[in-house]
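Shown here is one chain on its own, the form predicted on its own, set out as structure tokens.
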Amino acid sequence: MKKGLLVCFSVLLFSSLHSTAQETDSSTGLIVAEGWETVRATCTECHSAQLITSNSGSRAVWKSRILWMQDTQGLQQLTQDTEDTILSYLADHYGQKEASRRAALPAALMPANPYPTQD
């Protein structure tokens, strides 16, 4: 009975993991979904796809990054269609994370100040 339940649980777990797994492009690591080829062609012209896959943000955050690249990095003006495709793809697949850092350690767990001030 226990073995049967374990097998059923394993099959269900594998099925749910398999169905939610997203295909990624083997050369860039980008999630293969609508708009990924536009992102690959446009964004990796200047930087690696790893810069994209290691970041996250809402549509507004990604838009601000595009504006920053246009203002400071020489990114040319994008057509409205291209920008919309890129922003939709990035927000959908590399959207804002709830938290990207762990909580701070409590003060009691922090090491003593190695550079105490002298009065």
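Please read all numbers here as calculations on a predicted model, not as lab measurements. A residue's number is simply how far along the shown sequence it sits, counting from 1.
This next part talks about the form predicted together with a small molecule, which is not shown.
Heavy atoms of every residue among 46, 55 and 68 are located within 4.5 Å of the small molecule in the predicted complex. At the 4.5 Å threshold, heavy atoms of residue 42 reach the small molecule in the predicted complex. At the 4.5 Å threshold, heavy atoms of residue 51 reach the small molecule in the predicted complex. The small molecule is not drawn, but in the predicted complex it has a heavy atom within 4.5 Å of residue 86. In the predicted complex, the small molecule stays beyond 4.5 Å of every heavy atom belonging to residue 26.
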